[in-house]
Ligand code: HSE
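We begin with a single chain expressed as structure tokens, specifically the form predicted on its own.
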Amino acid sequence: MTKSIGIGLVGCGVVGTGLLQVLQENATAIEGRLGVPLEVRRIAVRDPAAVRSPLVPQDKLTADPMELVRDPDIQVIVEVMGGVERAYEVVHAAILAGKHVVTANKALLAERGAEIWNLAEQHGVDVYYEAAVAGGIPVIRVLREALASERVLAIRGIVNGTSNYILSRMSAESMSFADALAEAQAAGYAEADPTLDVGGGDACHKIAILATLAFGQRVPADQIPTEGIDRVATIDIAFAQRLGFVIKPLAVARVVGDSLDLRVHPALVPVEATLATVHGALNAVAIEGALLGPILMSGPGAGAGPTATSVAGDLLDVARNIECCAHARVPSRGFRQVALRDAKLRDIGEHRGRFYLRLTVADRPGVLGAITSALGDNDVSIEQMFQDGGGQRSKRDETGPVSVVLLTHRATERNVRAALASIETHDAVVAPSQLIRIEE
């Protein structure tokens, strides 16, 4: 048995400092569970001279992460620096040096995960990444271990807390997207540049990782249809509530025949659905198994505490493997390389479901007839339809724009979009149409 297990920490921002706190405050419990202490021996940061928390030992800082890779007293590299290319260089070098890796970097795994996992298998080291998806929710461990014998049929989740917070505030306070985003930034839930969150990129990276674990297929994140919440307007929130729905930022991965249906987008969710009750910055992941049926996990998806706790949990797993002289007690991605195949992704046009449509048109005779005709010509039938002036017209302007809102019966997305393209050629349409999928 080793005297201690040496850790090299690459990155010491919010998550890295949180990890140091977890390891210091819970050192006795951790050693009790492992039978050996964990010791952070070196920390790589951009600027070792910067003022930092008292939790950070200044004498262990370096600006060169490769010093940690070369250090023979370090067995595990923890990568929490973020980004892709530089992080990949560090992780790649660590694996070649025979060191195990723990990372919280979802972008790295979504874009370069296949290379990292293959290299780890070849060199007999572990790569663990619980904190990369949904912060403190142990969804990686559940898919990789607890459900290893189950056939997963579908995953639906709210995996970006920033987007969920913004839509929750828009719903609760009738706020505009811009105002809700500003509030999220002031509260620390959104970055100064929120594009990755509100544009859906963050959730796309996460669902790519979850799909690989659940289905044992190589999933290219750049091929997943992705839409952000930045196109959702306050009027859509109000109409959704009127119709018995809540708009949520969803990431979906499900098996459809011999292909995978993968998508990221805002969706109307029935108010009675469990995901509709997940508010604020919380995350939630619903998993449907062939035999198990549905399960739901919910909790904080970001922040120093939840993320650092997940990183520490991975460290304990790696440490147990080291102490047992065992590599890959459970394969890092749930499947051995030989069992993986390239995913066949279903075209988003083949998606079949119900849709919420909002059209902004001039209020004049014949417009509703043109709308219904275009839908009918494309095999899209209407479940509900109503016209609402939305307070936009004055008594003097009786032909001003109105909102025509409708819910469709189940139809293919290709047909619905073809109908909208036809409708938008009408000279009565005064603004781009809105389409939001209904997820049930």
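No experiment lies behind these values; they were computed from the predicted model shown. Between two forms, the rigid core is defined as the largest C-alpha subset superposing within 1.5 Å. Note that residue numbering begins at 1 and tracks the sequence as displayed.
Quick note: we don't show the form predicted in complex with ligand HSE, though the next part is all about it.
**Q** Could you work out which of E323, E288, E350, E191 is the residue within 4.5 angstroms of ligand HSE in the predicted bound form, going by heavy atoms?
**A** Checked against the cut-off, the match is E191.
**Q** Which residue, V159, L262, V102, L109, is the contact with ligand HSE in the predicted bound form, using a 4.5 Å heavy atom cutoff?
**A** Contact residue from the list: V159.
**Q** Is it the case that D236, L243 and R437 all touch ligand HSE in the predicted bound form, with a non-hydrogen atom of each within 4.5 angstroms?
**A** The answer is no: none of the three residues contacts the partner (heavy atom, 4.5 Å cut-off).
**Q** Could you tell me which stretch in 68 to 76, 140 to 148, 272 to 280, 200 to 208 has residues with non-hydrogen atoms within 4.5 Å of ligand HSE in the predicted bound form?
**A** Looking at the other structure, the answer is 200 to 208.
**Q** Looking at the partner-bound form in the predicted bound form, is G113 within 4.5 Å of ligand HSE by any heavy atom?
**A** Flag for G113 set to no.
**Q** If we define contact as a non-hydrogen atom of the residue within 4.5 angstroms of the partner, is A302 a contact of ligand HSE in the predicted bound form?
**A** A302 belongs to the contact set for ligand HSE.
**Q** Answer yes if the CA of V252 moves 2 Å or more between this form and the one not shown after aligning the rigid core, and no otherwise.
**A** Where the cores coincide, V252 shows only a C-alpha shift between this form and the one not shown that is less than 2 Å.
**Q** Taking the rigid core as the reference frame, tell me whether I137 has a CA displacement of 2 angstroms or more between this form and the one not shown.
**A** Not so; I137 is displaced by less than 2 Å.
**Q** After the core is matched up, is the C-alpha of V219 off by 2 Å or more between this form and the one not shown?
**A** Comparing the forms between this form and the one not shown, which are aligned on their rigid core, V219 does not shift its C-alpha by 2 Å or more.
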